[in-house]
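Before any questions on binding or motion, here is one chain by itself as structure tokens, the form predicted alone.
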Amino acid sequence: MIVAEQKKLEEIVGQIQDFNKILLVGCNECVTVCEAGGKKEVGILASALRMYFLNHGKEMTIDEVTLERQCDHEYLEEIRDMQDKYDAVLSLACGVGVQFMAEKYHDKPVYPGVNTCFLGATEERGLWTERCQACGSCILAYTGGICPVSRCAKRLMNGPCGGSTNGKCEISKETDCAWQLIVNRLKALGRMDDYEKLMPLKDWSTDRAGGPRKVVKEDVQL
């Protein structure tokens, strides 16, 4: 899931303070799960912003709506008849949702209310950790399901750097050495032969070059 965190109130105020009517738009997907931009967070932020501007003597209309997704044409259409009533849109979706909203309503300023952090997992309530950087060439089949790109501080592809101590990364005693985790996992699976296979360095010029990436499924396209 995409993990995000809400921007500080001061930064959001700085983005919208020159407007008079704001449409605050939440998203029912990932940002709801990580408690950054769902219906609850929309309500809390709207109240905080109204209070802020009231205390500073400015009349500000802030209306709320939460869409099922902001990365899908179908759901963005739900606010087509609404958005003309506002000076700007404040989106609590991830960066994808903000950009898609801005593309669809290109004559309307769209501002982000959250910082998009990473692709991660829910460890427990209130704790999310990174698991994937969407690099484009998945190697989890060879590393026991543990990603060295997202979980190794140096993104090493063929074993540890030698700086770890007692299974912890040299950058922090709180951070597990990704390659220690990989070795432990491969041992448990009886697949240490995979550890002996040399993997090429990540070719970022292939995986990430050439502008925005695409995934096309021709069999489902209209």
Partner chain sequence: MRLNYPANLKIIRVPCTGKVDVIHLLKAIERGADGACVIGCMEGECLYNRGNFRARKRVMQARKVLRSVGIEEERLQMYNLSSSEGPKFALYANDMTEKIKALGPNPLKAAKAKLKAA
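Fair warning: this is a prediction, and the values are worked out from it, not measured in the lab. Numbering follows the first chain given and starts at 1.
The same protein also has a form predicted in complex with the partner chain, omitted here; what follows describes it.
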>> Taking a heavy atom within 4.5 Å as contact, would all three of H106, G136 and K202 count as contacting the partner chain in the model of the complex?
In response: no
> Taking the partner as it appears in the model of the complex, which of 188 to 196, 161 to 169, 26 to 34, 52 to 60 has residues with heavy atoms within 4.5 Å of the partner chain?
Replying inline: 52 to 60
> Among A48, M157, L181, A153, which has any heavy atom within 4.5 Å of the partner chain in the model of the complex?
Replying inline: A48
> Would G38 show up as a contact with the partner chain in the model of the complex if we use heavy atoms at 4.5 Å?
Replying inline: no
> So which residues in 104 to 132, when you check the partner chain in the model of the complex, have a heavy atom no farther than 4.5 Å from it?
Replying inline: R125
